[in-house]
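Below, in structure tokens: the form predicted alone, a single chain.
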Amino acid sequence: MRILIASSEVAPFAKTGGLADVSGALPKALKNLGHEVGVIMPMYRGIHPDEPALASLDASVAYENRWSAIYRKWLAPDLPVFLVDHRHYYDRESIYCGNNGDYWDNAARFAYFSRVVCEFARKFLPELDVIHLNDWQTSMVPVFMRTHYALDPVFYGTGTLLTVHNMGYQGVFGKEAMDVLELPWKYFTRDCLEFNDSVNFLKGGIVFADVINTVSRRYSFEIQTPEYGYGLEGLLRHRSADLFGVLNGVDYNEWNPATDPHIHSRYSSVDLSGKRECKRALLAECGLYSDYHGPVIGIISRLAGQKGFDLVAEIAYHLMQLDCALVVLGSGEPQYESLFHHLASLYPHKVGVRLAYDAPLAHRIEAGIDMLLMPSKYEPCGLNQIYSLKYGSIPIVRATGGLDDTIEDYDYGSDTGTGFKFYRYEAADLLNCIYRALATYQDSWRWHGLVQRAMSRHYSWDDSARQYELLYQRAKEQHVSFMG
């Protein structure tokens, strides 16, 4: 198949979260399956193309034609990333926001990117089988294909797949966005783009895309409920026949304790002695007692309420009374940064904190901890819990989204499972789950078996890519049937 993946961020060129990891890894897996794949993204400040401009094109936004140059980088051999160079929109210090919050013209910035995706595909990539969109920033592509390009024969056989990575971010703008999109007001209705008297980009994509998916099976059901649908649950239930869940994969070339260049000592499930050395090195790096033999709990996360840190705040001082150490890496909301700073000041030999984004340190934490804490209120997929399985660092998670799909709760009676789960979003339930994990840790025989089971689990991009193949075919068939 001929596939174009459109994303507002692609690792390693631009990244704020998991979207970039998916957009950087999935194309490689699809290429390995024999497909012809290209990726397109904005050329933000600091991205340097590998060669001179390939082409230029005009695209219209707010009834004004704007010119862009198209450059190219290589994600892998024969796997191009096309870069949309429009300095006015993309040459900024960050991707989505400045010091005063979201950029005021984000509607225009990403409406323009969606329009460029259509124009580029139309002029330079004929006979595409599918365009794969990601989140609200590219959700206008299927809208434009059904409106501005509805009669264009180039797109007759081109299906659209929209992946929703997080329903909490929908791209909601004022009514004036209808003029930015150059769409007739007949589309400003509850059945199309209107949402609480505003324009909702993600809603438009969900309405018009041929097929929709989320990044775990559990999350695809959760977003059809009021708790997780953020006002679009009714629309998602209406489109449930076209809504699927495909779990994100992991790049085991990067996340593998047997080959990881960032960790102190390499190890495998056959020989875990290197993990013990990684633990000693991590404790020393964090200023904790390096000869501490008790369990070490790790947190690697954006510090936000969505990630469950309101629950952590409720139990923090109970946790400090237990025989365990805590290592934290992340940044985010001030109250949670202050919480961990305060804990580290009160318990300097028990709590190590780094309020930053540090990729190599994330690897060293995964290798050096005994347990990873992810008590998320919701988690579309999650990747750290999958990394932790591979590193033999047992996840403690809430049973939501991809956390529920990837972690099997440990059962003491049958001695089965790969981690510890709690279900109700309650601080007491989280604390009891931690108690269970710490009690199991004291039984070295059971803990060793748990670690080995966890390390045997495999969530590769090859499996996910094969599921995407099926969705691409479905999207193409449904589009052709619609055009019919």
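On a predicted model such as this, the values are computed, not experimentally measured, just so you know. Note that residue numbering follows the sequence shown and begins at 1.
The following text describes the form predicted in complex with a small molecule, which does not appear among the structures shown.
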| item | value |
| --- | --- |
| Y357, W185, Y156, F124 - the one with a heavy atom within 4.5 Å of the small molecule in the predicted bound form | Y357 |
| Of T147, S198, N106, S331, the one that lies within 4.5 Å of the small molecule in the predicted bound form (heavy atoms) | S331 |
| Listed range touching the small molecule, judged in the predicted bound form by heavy atoms within 4.5 Å, from 394-402, 198-206, 220-228, 306-314 | 306-314 |
| Touches the small molecule in the predicted bound form: Y96 (any heavy atom, 4.5 Å) | no |
| Interface membership of S301, the small molecule in the predicted bound form, 4.5 Å heavy atom rule | yes |
| Partner proximity in the predicted bound form: G368 to the small molecule, non-hydrogen atom cutoff 4.5 Å | no |
| Contact test in the predicted bound form: A362 vs the small molecule, heavy atoms, 4.5 Å | yes |
